[in-house]
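Only one chain is given next, in structure tokens, and it is the form predicted on its own.
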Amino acid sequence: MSVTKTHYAFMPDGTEVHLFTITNNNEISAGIITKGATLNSFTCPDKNGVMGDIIMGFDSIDNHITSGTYTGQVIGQYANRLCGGRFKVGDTEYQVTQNEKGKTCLHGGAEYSSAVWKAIIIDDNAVELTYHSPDGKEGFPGNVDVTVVYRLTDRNELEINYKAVSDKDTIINLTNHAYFNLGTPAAGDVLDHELQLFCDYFTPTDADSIPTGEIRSVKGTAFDFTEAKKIGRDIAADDEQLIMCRGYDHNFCVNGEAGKLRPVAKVTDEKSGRKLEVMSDLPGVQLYTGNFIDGSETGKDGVVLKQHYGFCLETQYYPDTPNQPSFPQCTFKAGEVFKSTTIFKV
């Protein structure tokens, strides 16, 4: 096991961005850059032993800065969407950044994903990144101290541990926005990947991708991944939810007890032979199939990134939770610690 630290790039203001590369004894590696605490690469062998990077992303810091895809970044203070950019904590209503169509707050106004985090090597297989979010940043209450640890084991598990604490009552919902392609993005889209979700229900949305409040059974719908099927099998179905989003961009409710680590998803790519398993202790997972990636950006190794060239499995609290009292809640008292773990195993 080893961790190396190298120079990656400089931000426009001169801040240095570092790359940390964790390599296990099976020669599988994960690359993390400090801009956005970003999972920049995850390299593993195919069925013929050929190594490939299964994370869609960029070689250039300029693309990391300008892209709106949040590729591989840690998302906070509130992952996913808040209706109208408004929510209440107790009797106090907060108005936060409305950075999506001037309506919703998406991914906390991109605060955490835009920041350059501090980072240290804490073990021969782990990197710790930290960020301080000042009170009122993007409108969110509280000085929030955040720690994210990436750890790669010899079981080929990339474990991401999140921890955050605020000095005021606030909402906290953290995730990683990695786009996976088990064939590598150079192989094309992910529609032939087979996906199983351990989720019997999902949360339908309105035209602004805000949950309606309904928790709907997936049974008999295009959203049923309880048995493995190709991502593309039903993606073009005549379903209002899919038509509005140009594919899957929905929260699924993970079976089992939130707060306990349990299976979320399994993905296989027959062509490459690679597999991915996801576990988490969070109540939900957002399946996003790269619906709005339009070929206008060039990724690693000169690959033009197109629609459905990657899929995301963003473990999370449900979208718009503070405004949906029937959803599992993520309001944390001052001094109360948010903790969560998600594991990606290849």
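Because the structure is predicted, anything quoted here is derived from the model rather than measured. Numbers for residues come from their place in the sequence shown, where the first is 1.
The following text describes the form predicted in complex with ligand BGC, which does not appear among the structures shown.
In the predicted bound form, ligand BGC stays beyond 4.5 Å of every heavy atom belonging to Q77. By the criterion of a heavy atom within 4.5 Å, D53 is excluded from the residues contacting ligand BGC in the predicted bound form.
Within 4.5 Å of some heavy atom of ligand BGC in the predicted bound form lies at least one heavy atom of L106. Although the partner is absent here, D249 lies within 4.5 Å of ligand BGC in the predicted bound form, judged by heavy atoms. Across the proposed site, Y70, H177 and F292 without exception bring a heavy atom within 4.5 Å of ligand BGC in the predicted bound form. Site annotation in the predicted bound form: the residue of R81, K137, R274, R151 reaching within 4.5 Å of ligand BGC with a heavy atom is R81. Stretch-level contact analysis of 295-303, 32-40, 281-289, 57-65 against ligand BGC in the predicted bound form, using heavy atoms and a 4.5 Å limit, identifies 281-289.
Of all the residues from 304-336, the single one having a non-hydrogen atom no more than 4.5 Å from ligand BGC in the predicted bound form is E314.
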